[in-house]
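So this first bit is one chain, no partners, the form predicted on its own, shown in structure tokens.
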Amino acid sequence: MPIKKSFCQVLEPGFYTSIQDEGRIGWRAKGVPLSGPMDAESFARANRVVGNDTPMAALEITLSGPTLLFNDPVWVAVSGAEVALTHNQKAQALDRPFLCDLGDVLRVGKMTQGARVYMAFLGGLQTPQYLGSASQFYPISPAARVQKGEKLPFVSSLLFPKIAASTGETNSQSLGGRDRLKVRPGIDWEDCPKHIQKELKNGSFAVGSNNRMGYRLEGAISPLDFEPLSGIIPPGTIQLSFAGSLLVAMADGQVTGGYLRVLSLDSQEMNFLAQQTTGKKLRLDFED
């Protein structure tokens, strides 16, 4: 007799929903991005709230979310941006564990503040790994995001860990309440012309086009009059393009590049930036 598989089916995938775990560690030297969650704080919080001792594969949901139909019971939690979340057409709170049972429909609406939420499952999603990670990144994985009709497997359980049962957390991520992005000097800061350093410190920027590869920050910065050598691009690196745009390498960012690496972000600031949307105005706050 065949073993019944537990899963939720993707009725609608949303704007951009992908499977992410902690990332594809150890492959950057081969040209493979780290991947993993854009907002690691919200990803880890969703896992903690649902009772996972360590972060496990979850859904990263951008701007508007999916509609899921469950064929078996499993505990779920959603954390991150402010969003309308409905469970069988009833409002469901964020940062609280809840049980989705056979026939239940879970819908994630549009973000009202912030850009990303994370949906974690007790025991994690049981999707295939590629190069040691379940994080979706095409062409390492067969697809870049989940597809309509896809079945997402999980470990079914009605039981919830007693220790975690009262671990309701609140969202500590600042989604949009500040207009300062804290930066540090980058690898090539000393090679950056002094007049451009001054423009960076005094300028105002707006979030431009953005995705899992990177964020573009638009502002009045003078173009470079020389071409830097190519070098490594760690996640959080802020490059200055020849045209004067700032390019922030994010989770799926390239591993090498040829622009001047003027600034960098720590993990907390990357979490903050990952929750910002196009048009957000920011000033750069230089660490002492």
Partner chain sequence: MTYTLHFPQTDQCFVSLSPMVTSQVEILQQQHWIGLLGKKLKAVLKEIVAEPRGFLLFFKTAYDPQKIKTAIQNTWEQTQAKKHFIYKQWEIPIDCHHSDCNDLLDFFKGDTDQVKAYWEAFLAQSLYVQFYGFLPGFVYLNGVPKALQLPRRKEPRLTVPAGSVAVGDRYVGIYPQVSPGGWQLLGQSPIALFDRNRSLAFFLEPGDCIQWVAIDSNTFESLKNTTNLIPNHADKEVVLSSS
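Residue numbers count along the first chain shown, from 1. Small disclaimer: the values here were computed from a predicted structure and weren't measured.
One more form of this protein should be noted, the form predicted in complex with its partner chain, which is absent from this view; the next part is about it.
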property	result
4.5 Å heavy atom contact, Arg184 and its partner chain in the model of the complex	yes
4.5 Å heavy atom contact, Gly31 and its partner chain in the model of the complex	yes
4.5 Å heavy atom contact, Gln254 to its partner chain in the model of the complex	yes
Leu229, heavy atom within 4.5 angstroms of its partner chain in the model of the complex	yes
Residues Pro139, Asp188 and Arg261 all lining its partner chain in the model of the complex, heavy atom within 4.5 Å	yes
Of Gly51, Pro235, Pro66, Gly36, the one that lies within 4.5 Å of its partner chain in the model of the complex (heavy atoms)	Pro235
Candidate stretches 114 to 122, 85 to 93, 148 to 156, 129 to 137, one within 4.5 Å of its partner chain in the model of the complex by heavy atom	129 to 137
